[in-house]
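The chain below stands alone, shown as structure tokens; this is the form predicted on its own.
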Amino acid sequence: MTLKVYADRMSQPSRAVIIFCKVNGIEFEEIKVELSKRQHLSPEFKEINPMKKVPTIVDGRFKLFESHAILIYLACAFPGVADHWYPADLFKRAKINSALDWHHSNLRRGAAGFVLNSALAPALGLPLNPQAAAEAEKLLSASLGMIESFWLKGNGRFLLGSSQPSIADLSLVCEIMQLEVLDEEDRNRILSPHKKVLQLIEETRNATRPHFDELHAILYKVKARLRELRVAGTMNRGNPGSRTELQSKI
């Protein structure tokens, strides 16, 4: 049976899983679960994933959620996946697992929190929260600094000094790419000091083209729509009309 991937391309980990499948020639069916329309909260989806999150995969009778677990499974279960994505070497795997665990507690919390509270909240019917955004930005900036000073150590082009990308590179870079929905001033203020992170993004993009650009195209569309709505003055805090309009544009 064909692998089924339940995903929303606005979701950072969803993009990572889909890119991984495309790059490695894994045949799959993409089933859209639109978070802005609350489709992940439906009884039907809850039967597939009780946590009501994306991405989720179904491989025959096997169901799995949490993107890092999914990426590890795909790397191990499907033939033809290059070893560098999740090496057979136990020590290298442990290091990749370490980076993935760090990501969830640091980079993801900072990046997702900042983007939500400074840009995307109205699309979900929530008010923008400058205080929460400021706190998230502190963690985001510290995380980007840690990537530069620790995870990108050595002469390799990718995390952990590697010359080829792993699932950790893909996961972290897809997270950082969510910053593309911000206005240019915020994006540049946060990312421009981190030259090695910017280079990591480019290296990962080049290693996974054309799929990387295809999956991230949605971010630039949403960015343009957010700009239009700000200019039109429709994105008032918690305004239901703003939420409806943005959802229809997404």
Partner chain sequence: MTLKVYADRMSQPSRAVIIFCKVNGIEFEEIKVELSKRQHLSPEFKEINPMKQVPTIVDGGFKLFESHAILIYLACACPGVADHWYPADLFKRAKINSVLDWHHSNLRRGAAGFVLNSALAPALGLPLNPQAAAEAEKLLSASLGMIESFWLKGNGPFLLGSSQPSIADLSLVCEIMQLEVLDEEDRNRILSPHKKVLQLIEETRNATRPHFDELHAILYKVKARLRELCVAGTMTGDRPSSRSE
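Positions refer to the first chain, counted from 1. Values in this document were obtained by computation on a predicted structure and should not be read as measured data.
The protein also exists as the form predicted in complex with the partner chain; that form is not presented, and the subsequent description refers to it.
Although the partner is absent here, Ala82 sits far enough away that none of its heavy atoms falls within 4.5 Å of the partner chain in the predicted bound form. His68 belongs to the set of residues with a heavy atom inside 4.5 Å of the partner chain in the predicted bound form. The closest non-hydrogen atom of His104 lies within 4.5 Å of the partner chain in the predicted bound form. The partner chain is not shown here, and in the predicted bound form it never comes within 4.5 Å of any heavy atom of Phe158.
Note that among 50-58, 183-191, 27-35, 205-213, the stretch whose heavy atoms approach the partner chain to within 4.5 Å in the predicted bound form is 50-58. Using a 4.5 Å cut-off to the partner chain in the predicted bound form, not one of His40, Phe45 and Leu128 places a heavy atom inside that distance.
In sequence order, Phe62, Lys63, Leu64, Phe65, Glu66, His68, Ala69, Ile72, Tyr73, Cys76, Ala77 are the residues of 52-78 having a heavy atom within 4.5 Å of the partner chain in the predicted bound form; the partner itself is omitted from this view.
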